[in-house]
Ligand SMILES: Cc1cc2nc3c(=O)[nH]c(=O)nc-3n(C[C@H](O)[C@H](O)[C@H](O)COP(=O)(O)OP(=O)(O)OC[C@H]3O[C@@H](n4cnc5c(N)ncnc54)[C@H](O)[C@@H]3O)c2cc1C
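One chain is shown next in structure tokens, namely the form predicted alone.
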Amino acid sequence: MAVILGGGIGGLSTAYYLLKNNVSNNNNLKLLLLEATNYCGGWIKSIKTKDYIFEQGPRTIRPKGIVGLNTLNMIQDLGLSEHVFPIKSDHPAAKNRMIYVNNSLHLLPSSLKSVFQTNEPFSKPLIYAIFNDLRSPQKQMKDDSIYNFAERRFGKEIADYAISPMICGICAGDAKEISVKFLMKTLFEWEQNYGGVMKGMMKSFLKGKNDNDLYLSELAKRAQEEKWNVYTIKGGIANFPATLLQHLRENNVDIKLNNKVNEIEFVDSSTVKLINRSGEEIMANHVYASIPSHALADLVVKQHPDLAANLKGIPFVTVGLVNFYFDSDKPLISPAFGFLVPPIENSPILGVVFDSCCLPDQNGTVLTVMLGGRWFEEKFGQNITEKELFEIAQREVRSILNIKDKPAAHHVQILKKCIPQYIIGHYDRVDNVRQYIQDNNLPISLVGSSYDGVGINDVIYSAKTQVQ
């Protein structure tokens, strides 16, 4: 029997791929998924009413690259193709992304023409970033922060006004701490191997692209042909894990909710004992752990303290989310995806998503304000209330977007330790953790956002990779 720990998108996807293995290899491996709470889907949650949808976590998925196409394959297999809502490259939410600098909103360049123009807050056209890369010397390093890399290759303004807010939007982190390999691994390798990004790009172009052998579903082909920028699921993105859960139940995967594991004991290379909070012992041949690394550390610390210490070394941040619904006949915002705030602005908010522009089934104006992240305790302390967060978010929305209306509805949530931070050295740490597991013949596989990428696509692909 295989036990899957955690019923987030990582755990559900692990069970999905194990089921596929059962079918293709004519196996009859029994699958048991244990979820500590009464809900499967992890941080993916949607609140739906007749007028609006409040997304409590991720709201869109990128269709690009192998990991993005792989997710589209899964979505079609689950029968969700008709429920996909794409945002194509010509949509305002794809073209219009802003940053808030010096008390003003600025549209980020999104066309080839704009690269040759001076766009505030940048003091010169972005084409100068290429010249900066060509004349900057090579610096041999094993790893670096994404901020340092961007500043070195493209200049300080790119690091401050493009890269730093982007990191806030993706993982609520500090670009001065996050590894360059998190988002720019290929660019960093070009610098290390060829002396610069543009030099590496030219070498790569001359070599040509490597074809991958990933099968493409009709949905994945459609996304490529129609040039989707991102997409979501009609009725709320939580319909994705809900459909996945239903698929697992229909195929006899044993799902146990409110079943928290307190300890894992490895008996030998093919036997593991799990003890839940009621003292029940569950025996398995293998464990797939999709829970956060810090939670897994608590389960293995008694038997493997060194492994636990390494797992605890992956930091997480807390994010405050405030959803607003304004019952207005006319839009209170310009058509755009939203805006991000660079850390140098020292704002309490990370950014605002214009949900009523990005998501279907929205009446009026719907916004989501993100607060804190890497700076949550620094800005708000340890005891801030949801009411206080709401007041801060409302104040910022009024000030920046000039929205004087009172929201007809709102929802506040503090997502504690919700996003892992891939700081400098993260990938070496993960390699060391997996090497320890291999060296000690432990029957456990690590899945999810703590290790192989924080996005929905990354987590699903992590499950697929670990199952294979």
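The structure presented is a predicted model; accordingly, all values stated were derived computationally and were not measured. Note that residue numbering follows the sequence shown and begins at 1.
Just so you know, the form predicted together with the ligand exists too; it's not on screen, but the next bit is about it.
Peer 1: Work out which of G364, G351, P292, G200 lies within 4.5 Å of the ligand in the model of the complex, going by heavy atoms.
Peer 2: If I apply the 4.5 Å criterion carefully, the residue I get is P292.
Peer 1: Just one stretch in 397-405, 46-54, 22-30, 416-424 has heavy atoms within 4.5 Å of the ligand in the model of the complex, so which one is it?
Peer 2: Single hit among the candidates: 416-424.
Peer 1: In the model of the complex, does A15 have a heavy atom within 4.5 Å of the ligand?
Peer 2: Judged by the heavy-atom cut-off of 4.5 Å, A15 is well away from the ligand in the model of the complex.
Peer 1: I'd like to check something about N440: if you look in the model of the complex, is any of its heavy atoms closer than or equal to 4.5 Å to a heavy atom of the ligand?
Peer 2: N440 lies outside the contact set for the ligand.
Peer 1: Can you check whether V3 is within 4.5 Å of the ligand in the model of the complex, heavy atom basis?
Peer 2: Because no heavy atom of V3 falls inside 4.5 Å of the ligand in the model of the complex, the answer is no.
Peer 1: I'd like to know if G68 sits close to the ligand in the model of the complex, meaning any non-hydrogen atom pair within 4.5 angstroms.
Peer 2: Taking the distances in the model of the complex, the answer for G68 is no, it never comes within 4.5 Å of the ligand.
Peer 1: Scan 121-137 and write down, in order along the chain, each residue with a heavy atom lying within 4.5 Å of the ligand in the model of the complex.
Peer 2: If the 4.5 Å heavy-atom criterion is applied to the ligand in the model of the complex, 121-137 yields nothing.
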